[in-house]
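Coming up, as structure tokens: structure 1 and structure 2, two forms of one and the same protein chain.
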Structure 1
């Protein structure tokens, strides 16, 4: 084992350490810095090892890219972070596709069969990641409709036929040198089209899964590309990103009660029709009491749980949430936060927003740990959440959220909902929570309604 391989292993372990540290808001910044520094070191290592460190064009490109990245990172606010992540996933996949295409053009005839297969595979996976991520970013940024777009024959005629064409491109060119350039460019366009068709039929409810999956594809494309060019460092780092992405994808699927196969096929459970009735079940202990004012509820409540959702992010209301938390705690109340795994538009979206305003990580509770506490909670404050607190998920068969674990906020003594309106969330399923006797609705922009609560 040479010096290059040893340093590559060390840098890979540092990237793993950075990812591990990023799992907690307390150490996330430090972990991100370690990973970024490791990646910069990896770039310099590759340039030195390949004796191209003195090429001015490379340094100019790194400088330009670094400046652009810095400007975008500083300009993007926290609510736009999902779009940013989706865009970076796409750029990673596109880069792998470009490298694979250059390798095919320059030395395909001299490649062994394994390299020929990996080059085509990197080209295809990179193309899918690029276009799929761009569509995801556009949906998240509301540049295109967020609702699923389903074309006639979407699953069978379009998706499956494109997959078959991609497979033919991989194995059909092993001994065909004369048309390899045309076939490879065609494969790239087919993969880009497949990525578009895959992403356009994904709705807002499945976006956290989609981002995680595309993140995994970005790492996978890099790892495959590493096999093509024979670089163990690229293989290891790409594999780390790919593995972490697929693990997160499985966590998101479990949280939404969706199978990974459904997501991979681009199937959308919302195609099913719910013919039953969405019922608001009254809470018996409240039917005997007069409806209390929000002020009285806040004064009487000792144990409070706050449930943030995408509406909080959209209104940039996390700062007011912090003010409300400080006020409640100054009055001697116990305040906790209930975080649903798919709240927001990307995994950890709510955690990041709350960490931005210095909400202690110890106050953030995941769904499994916080659900048993709702029955003993005096007040739950829902801020901009709908599907993740919809009790219909337990009985509305045929709906997109049926069987999805949700936060049991309806079991609290009192619930205050700060939502823009009473319309269904991205799933399209009406929320019976809004009509329960123990629920008070404060409609309007979350930033405005929270001001009243924090006064």
Structure 2
């Protein structure tokens, strides 16, 4: 092992330490800085070690990329985080694909089989990540419709392109002739096509899974690229990112009651048809009493839980949520937030939005910890969430949400729902919560309805 390898291992461990520090909000900023510094050291190491530090071409490219990256990072607002992450994923994948292509162009004849096969794989995984992420970003940014687009014979097209990719990869490994350029470029194009086909049929609420998966792919592409050029630093860091993406994907799948295979195959959550009727099995509370006004409920409640969903992000209502929270707290009430793992469009989306408006993270509770508390809660305020609070998940067998872990908001004494309408959520399953006795519906844009509550 040479000097380079030893330094590479140290830098990888530093990156790992950086991520470890990210397990607490207190140390996370340093964690990120350590990761960033290790990366900077890695770049300098590579430039010095290869004696290429004085090449102007490299510095011009770094400068252009650095300025663009910095500007995007400063300008983006927190609502746009999902598409920002998707975009960056795509760039990572794209880089791996291009590096693999350059390696093939430059030194294919001298490559051993291991390098040939990995260069083809890096090309393919990178290409899929690039186009898949860009489509996801465009969807999240509403540049293209969020609804799943399913072409005629969509699955067949995907399968055919996958088979063609396999064949090309095998040819690319075994071929010794000048055809290699055409083979590689075709592989890149077809993988880009595959990425588009894959992402375009993903619907809104499946986005958290898709983004996590693409995150994993961008790391994997980097690691495979590392195999081709024989750089242990690329391999280790790429593998770490790949593992991170896979963990997030698993968490998201579990929280949505979907298997990864379902998502990969593109079977839609609403594909399963449920014909039975969903009855509101509400625990009849206060049946004798007149339905109380929202004002009275707010007044007499001591313990309040707020459940934010994608609707809050859409209406950009987090500032009003903060106002409402301040008001309730000034009246001496206890306010907590219940965050479902798939609320929003990416893992942890709600946490970031609430942090943006200065809601302390100690008040943000995840599903498993908050669920037992609903029973002793006076009032739950749901803001733009549907499937994640649907009580039918526990009994409506045959529906797509059956068995999905949900927030037990129906257990609290009163519920106020600030949703756009009473239409079913992404799953297409009616929400019996809306008809329950202890539930008051405030329909319309969350920004408007919350204003009324916060007054």
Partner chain sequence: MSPILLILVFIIATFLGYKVISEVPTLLHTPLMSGTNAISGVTLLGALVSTAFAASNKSKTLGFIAIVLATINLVGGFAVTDRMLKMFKKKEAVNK
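Rigid core here is just the name for the largest C-alpha set that superposes within 1.5 Å across the two forms. Numbering follows the first chain given and starts at 1. Here the structure is a predicted model, which is why all the values come from computation and not from measurement.
*Asks:* Of structures 1 and 2, select the one representing the form predicted in complex with its partner chain.
*Replies:* Structure 2, not 1.
*Asks:* Relative to the superposed rigid core, does residue 101 relocate between structure 1 and structure 2 - that is, does its Cα move 2 Å or more?
*Replies:* The answer is no; the displacement is under 2 Å.
*Asks:* Core superposed first: is there a CA shift of 2 Å or greater at residue 247 between structure 1 and structure 2?
*Replies:* No, because once the rigid core is superposed, the C-alpha of residue 247 moves less than 2 Å between structure 1 and structure 2.
*Asks:* If you line up the core, does residue 185 shift 2 angstroms or more at its C-alpha between structure 1 and structure 2?
*Replies:* Shift of 2 Å or more: no.
*Asks:* Determine, in Å, the CA shift of residue 398 between structure 1 and structure 2 after the rigid core is used for superposition.
*Replies:* So the C-alpha of residue 398 has moved 4.8 Å between structure 1 and structure 2.
*Asks:* Can you give the CA shift of residue 430 between structure 1 and structure 2, in Å, with the two forms fit on their core?
*Replies:* Here residue 430 registers a C-alpha shift of 3.1 Å.
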